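Next comes just one chain, in structure tokens: the form predicted alone.
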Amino acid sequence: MGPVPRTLELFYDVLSPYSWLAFEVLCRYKNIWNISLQLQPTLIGGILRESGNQPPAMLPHKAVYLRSDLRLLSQHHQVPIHFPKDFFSVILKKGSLTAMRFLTAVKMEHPELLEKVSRELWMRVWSRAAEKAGMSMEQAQELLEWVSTPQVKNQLKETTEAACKYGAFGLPVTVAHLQDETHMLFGSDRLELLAHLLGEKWMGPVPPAVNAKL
């Protein structure tokens, strides 16, 4: 019997393209490293309010850099990120509350679909129309009806509060539980450091023998 897998929690929101990068890389490594990856749908708006932080796109110089940075990172990570044409309407006005409640409902009722459905929502926001992620129309309708229930609202609130307690001020946040220590790492560019903490081999954002095509 081998060593017990280390638990990694990934707190993410589909409005965050950097969360998508971290999500895809960790999903590629989950069967390479000795880890148990726990996906945690989180509300980035709640984290920003709690921490007093601002979305990068609200700051002019950061907004310009963001486009260039994501274009290069998209190529490097092989994740098809494209800015929405109606960026301010989609990202800044509509927000992600309904989407993240939906993913919370998926996690509560159909956890085996959470990875695929999360990817589909990122595709819809940041790339192209996606497939149905193996979910029937009946399942989707049932979950949509459950989005406004107290159970789902409370679970999303609790997950967001948990991220804040770890010290989150934005997303993505990866929390590594290692023996008696807990490490909170912010951003999609700390995964090489995560490999160091885990004692695992870092082979870049697209490890060999992994089909990264989305």
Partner chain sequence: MGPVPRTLELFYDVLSPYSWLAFEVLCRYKNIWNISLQLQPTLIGGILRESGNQPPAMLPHKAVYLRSDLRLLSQHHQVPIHFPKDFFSVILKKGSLTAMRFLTAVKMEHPELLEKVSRELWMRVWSRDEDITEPPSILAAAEKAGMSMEQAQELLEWVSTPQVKNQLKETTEAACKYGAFGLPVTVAHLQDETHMLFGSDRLELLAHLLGTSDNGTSYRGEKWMGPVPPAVNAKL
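What you see is a predicted model; the values in this text were computed from it and never measured. Residue numbers count along the first chain shown, from 1.
As for the form predicted together with the partner chain, it is not shown, yet the points below apply to it.
Looking at the partner chain in the model of the complex, is some heavy atom of each of K62, D189 and L197 within 4.5 Å of it?
All three within 4.5 Å in the model of the complex.
Under a 4.5 Å heavy atom criterion, is H76 part of the interface with the partner chain in the model of the complex?
Contact with the partner chain, yes.
Would you please decide whether L185 lies within 4.5 angstroms of the partner chain in the model of the complex, comparing each non-hydrogen atom pair?
L185 belongs to the contact set for the partner chain.
Quick one: does F169 come within 4.5 Å of the partner chain in the model of the complex, counting heavy atoms only?
Because a heavy atom of F169 falls inside 4.5 Å of the partner chain in the model of the complex, the answer is yes.
Should Y18 be classed as touching the partner chain in the model of the complex when contacts are defined as heavy atoms within 4.5 Å?
Yes - in the model of the complex, heavy atoms of Y18 and the partner chain come within 4.5 Å of each other.
If you apply a 4.5 angstroms heavy atom cut-off, which residues in 36-51 are near the partner chain in the model of the complex?
Heavy-atom contacts to the partner chain in the model of the complex: E50, S51.
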